[in-house]
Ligand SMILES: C[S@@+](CC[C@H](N)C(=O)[O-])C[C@H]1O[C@@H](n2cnc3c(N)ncnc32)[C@H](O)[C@@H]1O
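Here you get one chain, nothing else, as structure tokens; it is the form predicted alone.
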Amino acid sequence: MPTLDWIGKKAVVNHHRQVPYRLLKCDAALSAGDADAGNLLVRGDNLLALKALLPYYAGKVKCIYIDPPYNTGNEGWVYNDNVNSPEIRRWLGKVIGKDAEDLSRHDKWLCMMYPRLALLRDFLTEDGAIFVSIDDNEVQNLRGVMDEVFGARNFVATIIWQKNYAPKASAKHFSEDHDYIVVYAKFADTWGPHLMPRTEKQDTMYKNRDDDPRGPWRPNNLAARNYYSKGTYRIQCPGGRVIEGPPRGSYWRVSEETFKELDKDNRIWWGKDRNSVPAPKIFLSEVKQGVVPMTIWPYTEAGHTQDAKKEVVSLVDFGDSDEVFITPKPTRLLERVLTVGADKDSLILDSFAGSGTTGHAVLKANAADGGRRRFILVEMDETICREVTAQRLTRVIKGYGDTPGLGGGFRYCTLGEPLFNADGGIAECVSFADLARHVFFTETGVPIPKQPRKVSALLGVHAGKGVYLLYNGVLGDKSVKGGNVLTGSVLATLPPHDGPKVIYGAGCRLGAERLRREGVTFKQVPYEIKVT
């Protein structure tokens, strides 16, 4: 199978594993609304932020939407559409080394995207999917790198979004009126999109031409090109006409026996003259209460870029600046993504948050149907995060002008220090709860279960294995007798678990035979804790 290669690939394919775990710090002054709504806005490099969020949300995100830089080469706007920003240049120099100087802009883009996509995959639920906006500059590279990260078998579709409603006279060749949304599932074999709501226009196709008590219906074509059955039989119309068989190169859609049953149940329309080619009736009352989503999303249904710019301008005070986001997405587009890819109580993640359209769409959807969707947004640029993303979400929640608030809330978070210092020790600022989340996640691969208010040395049970942490005097003071060291008396006081146990602690006074009898695997803190 062909694979995608680029300068710097070897340095980034496992880089996401080497990113250190960091603490998250919440800033109440920049948060808004209900702090317990479950929504987060995180300011920081999304690679670091995703790694910091992983112990909390791995395997819990139903729908990911990202709008990464399109890498058009444009620079100088508020929202840089190029991977040549100072932050990315510094990161490339650190990770790639000398070769970073020889990277093309496509190499840089791929180096930036690969580790981020690798982390994003770990957030998805088993029935989750990721939607990625892109244009012609990188769509072919995006498909290649996502085939590697998610597996080519998990590709679902490429959606075409009509982003403009009029041609651009300034276009050099063609007026580019569409973007792509590339969709991959965690497991495409079992993932399926939700149906789109039926529109009034679609329902007008159904009429009751013969006053059938079952209500409005539309005629279906009896002939089909596919070979469904012995579908070449002769048909006698009620008006006397004889139809010898289906049109050349096609077949009747149903068998002769089924056709007769349908006719007996008044499910065949013969036309007003009773001599027309028979058409099976499809009743509106019997069709799905939704429509299978299509891969072309016109601006009339999903919004366009002018909609998006007007939304941002109405919600964000840009002062005297003429600079406005050049590539915001309309909320209608994101509402459509949520309809297709999320449930009413899903967690939605956007690690290239920009102006915050994804969060806005989540709040709007919840207000419309009473759902309990939650969002996690990550934005790298501090100015944009505070003055655009947070400002927009705050106004949407509280209301602005004559527009009432949608309710909800979010916590504004920043990235704190790494859990471990340069010497491999645990940073002084790390609390028991901080380390507990990290230990449980790195030991089991899943987030820690929700803990009761009372702190316990038993962090949780996964796959029959109990995970314990002796740290910061969880059983008492910080001395040997206080519980940071595993002794016989400490073991006796631990919450019971009938099965194998993994116990993390500062030291162990029990012999190998005793540990074996008790079903205990001991791991010393901090040396046997995974730091990346």
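So that there is no doubt, residue numbering starts at 1 and follows the sequence shown. Small disclaimer: the values here were computed from a predicted structure and weren't measured.
Note that the form predicted together with the named molecule isn't included here; everything after this is about it.
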### Query
Quick one: of L338, I130, V378, L393, which gets a non-hydrogen atom within 4.5 angstroms of the named molecule in the predicted complex?
V378
### Query
Looking at the partner-bound form in the predicted complex, is D27 within 4.5 Å of the named molecule by any heavy atom?
no
### Message
I'd like to know whether F352 contacts the named molecule in the predicted complex, with contact meaning heavy atoms within 4.5 angstroms.
### Response
yes
### Message
I'd like to know if G303 sits close to the named molecule in the predicted complex, meaning any non-hydrogen atom pair within 4.5 angstroms.
### Response
no
### Query
Would K329 count as touching the named molecule in the predicted complex under a 4.5 Å heavy atom rule?
yes
### Task
Among 29-37, 501-509, 488-496, 60-68, mark the stretch whose residues have heavy atoms within 4.5 Å of the named molecule in the predicted complex.
60-68
### Task
Answer yes or no: in the predicted complex, does the named molecule come within 4.5 Å of a heavy atom in every one of V183, D343 and N366?
no
### Query
Hey, which residues along 185-211 are within 4.5 angstroms of the named molecule in the predicted complex, non-hydrogen atoms only?
none
